[in-house]
Each structure stands twice: as C-alpha cells, then as structure tokens.
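First comes one chain, alone, set out as structure tokens in the form predicted alone.
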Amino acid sequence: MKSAWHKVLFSFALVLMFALAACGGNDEEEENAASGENESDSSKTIEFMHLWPEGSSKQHHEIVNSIIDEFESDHPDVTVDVEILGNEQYKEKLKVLSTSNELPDVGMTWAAGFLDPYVGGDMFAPLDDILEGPLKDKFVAGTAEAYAVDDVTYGLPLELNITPLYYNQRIFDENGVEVPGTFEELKEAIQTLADNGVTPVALGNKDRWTGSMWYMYLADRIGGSKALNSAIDRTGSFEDPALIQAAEEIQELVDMDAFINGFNGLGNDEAKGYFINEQAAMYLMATWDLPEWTTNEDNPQEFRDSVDYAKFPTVEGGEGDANSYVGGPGVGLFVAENSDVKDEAKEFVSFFVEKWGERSVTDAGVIPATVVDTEGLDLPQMYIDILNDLNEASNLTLYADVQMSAGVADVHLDSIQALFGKAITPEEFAKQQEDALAAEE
C-alpha cells in the first residue's frame, strides 16, 4: 500500500514538473517577443525608391535587381522593398513625401541645388563616414564633391555623364548630310533634312530639361564656359548679351523646323522612340542612354550600327570650345536622416555604389562615377571613345536646373518651354530668370 502511494506521488511530481517547465517556456517566449529577440522581429526592411523602370531603362533595372539579390543573400536578415517610378513621377513623389518627412530609407537624388531643400530640412543623412571608410578613393575626382553642402556629403553619385549629339549615319548618308562641326554646319544639315521631309531632331520638351541642354550648349559656345554658371551664382546675369543670343538661336532653330512636330507636348521617352525608330536624324542626350545605342538588344542591330555621335558644334566667334561639355554627375543615392534602419541603409548604399561601378560598365556600357580600370574589358567602341573624350574635357558644366534651387529651377524650366514655344521673347526669358534669382538673394 505504501509503495503504491509513493508511485502516485512520484507521478504527480513528474506531471507538475513538466507543467511548470511548460509554463516557464511560455514566459520566456513572451519575454523574447516583448524584447524583439525572436527571429521574425530581428529582420529589417530597407525601403528603396529608384527611377529605372524595366520598360524604359531595362539594363539599369536588371543591374539594380541583381545587386539587391546579392545584398539580400549576404544579409539574410535584411529585405530591400523596392518602389520604381519614372523620372518626373519620381521627383514629384519625393517632393510630396518630404512634406511629411516620410522619405524612403534609400532613394535617388541629384547634386547641387536639388539637394538644398532636403539638406536644409534635415532629411538627408551625412555620408562622409562611407566616403572615409569603404568607398575611400573610389570616386572620380570632383564627382562626390558635387553632392556636398558646406563640406558635408549628403549623396553618393552613381553615374558621370556628358551630353553628345547622337546622329543616324544612314539618314545622313541618304540625304547627303555631313557631320556638323560648327553651328552653321548644323543649321545647314537641319535645313537639308527638313527640305527632304526628314525630321532633323528628336526633342521631348514636355520634360523641359531636355530643351535646357540645347540652351546650355549654345550659352557655352557663345559666351564661354563661365557665362551660364556666373548668371546662376549671381556673379553674372542672364541678361548677358551672350545668353540672350543663345535664346535667340533657340528660336531660330524652332523657326527652321529643327525639332519634331509637337515637341513641347512630347515626353523624352516618346522623343527617344522616334530616334530609335529612325524617324529623326539627331538626338541630344546624356551618356546615360549609351546602352540604347550599344548593348540594348531590344533595339535592332542595324539601327545600333547606324548611330554615332558628335561633340556639340562650336559657334563662329564664340568663346566656347568643342571639348566643353554639358554634363556632370548623374543620379546618386541618399539615406534618409530619420530612417529606422540607418545603419543597414548606409551599408546597402555602400554595397550598391561599389557593385554598380563594377557592373554598369560591362552590363550596360554606362559611365560610373567610381574609378574603373578599363584594361581588359570588352567595351563597345562608342563607350571607349566617349571615355577618351571625357579625359580630354576642358570643362564640364553641371545641368542648369540641378545647379539651381527647386523654385528657381522651376522658373528656368518653365521659361525654357515657353522660349521653345515662342510664347516669350529672349529678353523676357532672361528677365524671368533674373527676377527668380533676385527673389532668393
């Protein structure tokens, strides 16, 4: 009897022990959940917004995806959540998000004036720690500096661009047109093409910055490399006769039917489509489009073989030279100051910049902002030629709207569109920009 009772007590003790252990386990799990120590809560998400949709920027898009895949593989506890918008939609959304300080953890930015409102609002995080750490001495001289405000770096550039005049050699040959070296020769080529019923230039000026590049080159070729920069930084003026003459030349081109019909209502991607479909002979655009003419197999090989480029022509009696370019660093990456995953975001940006520099060259023929050893690389000839041109550049003028504050840039771009549409005179064009700049002094 006593032995049986002992067995009952022993069995009860075992049940109680297991019950207490189970309760203890639940308490521990609850404590871990409360402190964020369980596996699901240790994972982090980086929100990344970029402007390279698959449709219009296929190779850029594919490189981005491959970099993200590799980063996530190396960082199993980090997920990169991507949102993709076209150029103009991207800028608008970034502006909207900034009003409530809800920027993505990582996004794309431009240099100089574009940075100012975001830096002034403490929305972009300083990135000098990355420049002095894993990316030290990785950038082409002068590129990262364009993303600095008061000697603090708030963006890291991905691309370095110059803006050639692309042309279709087959269309030139069929119409007896020579590659222009001077502005007068360019106008002769435009006149011949227009007389033959061929659209001379594809221009999508709905986006406005596209027309600004034409104006900038004429300002440079007529007034020299400092004329436009001086007008913007207030050591000079948009009412400089050289800058007014540049505006006059724009309207003369319009009168000659140089640009595709309806150019002020066409977006840049639409205009590029006319050039790709060989419905226009020339197209002025930065080297971020090099893949279209070299490696993008969606475009027919016959078309790609027909495309070549020229430096923007010189103007007789002008101060500028053919080795002076409109261009500069392209887009760069920022990290949001109020990001909840700032350390991971910075690590992602550092990783992205380095991998982009390696892959953009071979996979897309894009000129990166980081130093690239081209020896032994199998690059398209056009890419090599442009790299050589870049090495010989006498000047690189940063895009006007990028140099300006957001408010002044809007005035400039609206004025450009009005100038091309002949809604204002060259003198009114100059005054509108002077008034906008003066209002900020």
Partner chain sequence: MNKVMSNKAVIALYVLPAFILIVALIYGPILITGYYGLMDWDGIGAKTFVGLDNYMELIKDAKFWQSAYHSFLLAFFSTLSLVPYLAISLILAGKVKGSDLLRKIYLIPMLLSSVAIAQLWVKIYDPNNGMLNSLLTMVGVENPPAWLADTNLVLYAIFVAILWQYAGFYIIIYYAALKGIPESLVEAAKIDGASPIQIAYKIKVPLISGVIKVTVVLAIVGSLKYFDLIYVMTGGGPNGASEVIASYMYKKAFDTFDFGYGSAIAFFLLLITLIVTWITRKLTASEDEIQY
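Positions refer to the first chain, counted from 1. It should be emphasised that the depicted structure is a prediction, and the values quoted were computed from it without experimental measurement. We call the rigid core whatever largest set of C-alpha positions still superposes within 1.5 Å between the two forms.
Form predicted together with the partner chain: not shown, discussed below.
*Asks:* Within 4.5 angstroms, counting heavy atoms, which one of the listed stretches 234-242, 264-272, 131-139, 180-188 is next to the partner chain in the model of the complex?
*Replies:* This holds for exactly one stretch, 264-272.
*Asks:* Within 4.5 Å of the partner chain in the model of the complex, heavy atoms considered, which of 260, 333, 284, 364?
*Replies:* Looking at the other structure, the residue within range turns out to be 260.
*Asks:* To verify the annotation, which of these, 92, 255, 145, 74, has a non-hydrogen atom within 4.5 Å of the partner chain in the model of the complex?
*Replies:* Result of the distance check: 92.
*Asks:* Does the partner chain, in the model of the complex, lie within 4.5 angstroms of each residue among 354, 358 and 360, using heavy atoms as the measure?
*Replies:* No residue of the spot touches the partner chain in the model of the complex.
*Asks:* So, in the model of the complex, is residue 229 in contact with the partner chain at a 4.5 angstroms heavy atom limit?
*Replies:* No.
*Asks:* Taking the partner chain as it sits in the model of the complex, is residue 117 in contact with it (heavy atom to heavy atom, 4.5 Å or less)?
*Replies:* Contact with the partner chain, yes.
*Asks:* Does the partner chain come within 4.5 Å of any heavy atom of residue 121 in the model of the complex?
*Replies:* Result yes; residue 121 sits at the interface with the partner chain in the model of the complex.
*Asks:* Verify the contact flag for residue 175: yes if a non-hydrogen atom of it lies within 4.5 Å of a non-hydrogen atom of the partner chain in the model of the complex, no if not.
*Replies:* No, residue 175 is distant from the partner.
*Asks:* Would you give me the residues of 407-436 that have any heavy atom within 4.5 Å of the partner chain in the model of the complex, in order from first to last?
*Replies:* Those in contact are 407, 410, 414, 417, 418, 423.
*Asks:* On a core-based superposition, does residue 90 travel 2 Å or more at its Cα between this form and the one not shown?
*Replies:* Residue 90: C-alpha displaced by 2 Å or more between this form and the one not shown.
*Asks:* Taking the rigid core as reference, does residue 101 move its C-alpha 2 Å or further between this form and the one not shown?
*Replies:* Residue 101 C-alpha, core-superposed: shift of 2 Å or more.
*Asks:* Taking the rigid core as reference, does residue 321 move its C-alpha 2 Å or further between this form and the one not shown?
*Replies:* No, its C-alpha moves less than 2 Å.
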